[in-house]
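So this first bit is one chain, no partners, the form predicted on its own, shown in structure tokens.
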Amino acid sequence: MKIINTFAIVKDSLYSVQYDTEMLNEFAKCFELWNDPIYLREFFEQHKEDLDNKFWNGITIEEAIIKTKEDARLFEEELLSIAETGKTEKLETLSTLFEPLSKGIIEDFEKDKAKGMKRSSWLRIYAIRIEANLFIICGGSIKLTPTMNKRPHLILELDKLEFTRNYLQEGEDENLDFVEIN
């Protein structure tokens, strides 16, 4: 895995990496997939056992597709809005949406997650927190299980978080001009 570029989603606030294995940056990729009914049908069919968990109240694949597309629309709007607002407002920053991936761990280049807007959302955006309103998106997923370490697509997201965190800590790339690294 290699990061080939970083993109400003909202300048001075929200950025996204692009990996050499992808055609799009991670922000664009997530929202494109979450709005693609063919991808969603294949995903939910592949993870039908997880979707059938009683936690999801017997939702059908058709209902899951509709729910995902609506939640993705609301989630993208909220991320963009708060990223912009957070540049001038101290009380509503991206830190109000994102939370540490692991409770109780506070560190530089913190691994964070944001959840979709709908109640019991399975949408996740994963990012590295640089400061209160400066985040670098490094992935996203549909998370149907309580933990991330039991499904290959979620383990990949953990790997991308760690890889991106290490990349940012090294800070030797000219694509990182937006980040002042100590």
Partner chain sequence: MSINNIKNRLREFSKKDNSWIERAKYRKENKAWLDISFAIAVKVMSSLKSNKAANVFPKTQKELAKALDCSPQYVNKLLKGSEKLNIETISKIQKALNIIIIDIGLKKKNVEMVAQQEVIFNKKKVIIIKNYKKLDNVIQCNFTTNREHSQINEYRKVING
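Please read all numbers here as calculations on a predicted model, not as lab measurements. Under this definition, the rigid core comprises the largest set of C-alpha atoms superposing within 1.5 Å between the forms. Positions refer to the first chain, counted from 1.
Missing here is the form predicted in complex with its partner chain; even so, the following discussion is about that form.
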Within 4.5 Å, heavy atoms only, one stretch in 38-46, 153-161, 51-59, 140-148 touches its partner chain in the predicted bound form. Which? 38-46
Answer with yes or no whether E170 is in contact with its partner chain in the predicted bound form, where contact means some heavy atom within 4.5 Å. yes
Within 4.5 Å, heavy atoms only: does M1 come near its partner chain in the predicted bound form? no
I'd like to know if L80 sits close to its partner chain in the predicted bound form, meaning any non-hydrogen atom pair within 4.5 angstroms. yes
Is D20 a contact residue for its partner chain in the predicted bound form, using a 4.5 Å heavy atom cut-off? no
If you apply a 4.5 angstroms heavy atom cut-off, which residues in 1-17 are near its partner chain in the predicted bound form? N5, T6, F7, A8, I9, D12, Y15
Given a superposition on the rigid core, I'd like a yes or no on whether A83 shifts its C-alpha by 2 Å or more between the shown form and the other one. yes
